[in-house]
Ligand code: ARG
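Taking the form predicted on its own, here's one chain by itself in structure tokens.
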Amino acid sequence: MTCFFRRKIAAKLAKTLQQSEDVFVPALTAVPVLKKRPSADFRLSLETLRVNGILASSGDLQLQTENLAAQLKPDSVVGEISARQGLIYFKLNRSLLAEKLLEPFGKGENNNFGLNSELFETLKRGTILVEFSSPNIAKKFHAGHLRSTIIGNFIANLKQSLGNNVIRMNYLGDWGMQFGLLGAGFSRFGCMEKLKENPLQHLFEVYVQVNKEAEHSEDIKLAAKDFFRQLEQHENQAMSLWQQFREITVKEYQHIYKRLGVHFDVYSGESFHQAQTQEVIRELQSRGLLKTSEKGTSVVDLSPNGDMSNICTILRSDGTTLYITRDIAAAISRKEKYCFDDMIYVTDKSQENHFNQLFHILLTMGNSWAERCRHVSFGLVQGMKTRTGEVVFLEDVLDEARARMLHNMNQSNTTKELENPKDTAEKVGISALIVQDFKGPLRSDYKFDWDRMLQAQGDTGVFLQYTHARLCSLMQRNEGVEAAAFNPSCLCDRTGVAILQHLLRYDEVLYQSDQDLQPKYLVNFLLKLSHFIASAHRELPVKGSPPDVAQARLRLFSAARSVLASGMRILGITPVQKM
């Protein structure tokens, strides 16, 4: 167990420097594994100790490093201590490394490995509300919403796995002027029969048609404004049609979410907070924050000098609300209802200014908790096409990923006989989508590449699934291996040690992921683990090995499979048993 080793090294440092062990635990980091040459297991940065006032901040850093390293003596836990470039390196007793690290896997799979690390004791746990996906109702699920959905799901999974109470919210775009346009369009171009047959496709067609007409028709623009006014005043006929659109959409979306393995605790929407926007307006007025612009709109002045150089519009000139108005009301309502400790919004980077304004206004209204609201932004996906051209809808993307994966599996000589190949192709195709999306920084745009994404070799979701399925097959084939006492000294070869050293880093990777809310750290950790496992399959055979060697290697492979599966689930990937 990683904590055991950190604590032992921290105790050694504490005794030498006359400090508490606790100050050294977070300063000790696992060394990234180098495939080509052996490396130490943990390292300590002297600069960290200087910054924290544990060591003098002046003087020669390298000399200071060498002097401290010389005072630290090897023992039964730490076999070697060395100093280099302001860092002290600690190499652990190899047999003890295998014994302690694989101890949690003595009875098979362990889903909590790395999650109960003392590194997480400094993290504040509480109720976290994550708002993600948030498509607009009455429209088919656009592929552009894929990123918000899978990124938000990852954040929710990660926060929950680290002991937080997570509320997953889908805040639907179910209000606003676009429904005025759709309502006006449906009265002209809509058909109830077509709505029953293919609801979202028909609404999409109506929306496209009414938008085209509105470009050169003032009558349609006026009708749209009138329909939205009817909605804001809750007139029965308009509300009944709107409610029908909303129910149809949620039902269709739930089918997509089920395919993605995503669930929500709450389906909310802008419409839920329409009444509360009036309270927001009154409070802004009472605080003297609401001003009238030259255009007749109601605005909040966000400029530091109060010169109206940076304003946020809260009401249109006709008195109707905007997206920001409803978001202010929604945030206040959520705080009252869910008493969250943190709230995270997951949307594309084009909305960064919107959320800056939202948090600014909430703070100006006296809501100090707005400091614990966070916007996680992401870039665009470029070049997402099917064989037939541009992909617009997410269902097309999922169908295409499944079809291509099924084709690849049928062409492969190594594909196993599967009970439900279509279901396996679905899971593997979705994992390929997720890994391609998560490999880089979220704010970066990335180029979508079907062929590279679905390769079985290389850094892909298919490679992760293939590695997991291969480990499952190995465990099943060796269920009857003669049980022997676990002998950790059988795992002191370079290949076995590389996996053990890599597993030492798992809690640090989760910690870093929690701090930055970036999935790339976990994705790259799992991909590297899979490459180490591929080497181990070749170099550490179980079949034909002596019983104690076979038993030790199976324990190692079991640990690797368990951590791989655990990490995949946090990413939102369902591990497959066969492929």
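Each residue number is its position in the shown sequence, starting from 1. Quick caveat, the model's predicted, so the values are computed rather than measured.
Not pictured, yet referred to below: the form predicted together with the ligand.
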Just superimpose the C-alphas near the binding site, carry the ligand over as positioned in the model of the complex, and say whether the shown chain is open or blocked by the 2.4 Å backbone or C-beta rule (3+ atoms for blocked). open
Please name which of the stretches 502 to 510, 322 to 330, 70 to 78, 430 to 438 has residues with heavy atoms lying within 4.5 Å of the ligand in the model of the complex. 322 to 330
Only one of 338, 446, 450, 355 has a non-hydrogen atom within 4.5 angstroms of the ligand in the model of the complex; which is it? 355
Ok, 424, 136, 164, 149: which has a heavy atom sitting within 4.5 Å of the ligand in the model of the complex? 136
Does the ligand, in the model of the complex, lie within 4.5 angstroms of each residue among 415, 463 and 578, using heavy atoms as the measure? no
Close approach of residue 351 to the ligand in the model of the complex, 4.5 Å, heavy atom: yes
Determine whether any heavy atom of residue 171 comes within 4.5 Å of a heavy atom of the ligand in the model of the complex, and answer yes or no. yes
So, in the model of the complex, is residue 273 in contact with the ligand at a 4.5 angstroms heavy atom limit? no
I'd like to know whether residue 264 contacts the ligand in the model of the complex, with contact meaning heavy atoms within 4.5 angstroms. no
Taking the ligand in the model of the complex, which residues of 393 to 415 have any heavy atom within 4.5 Å of it? none
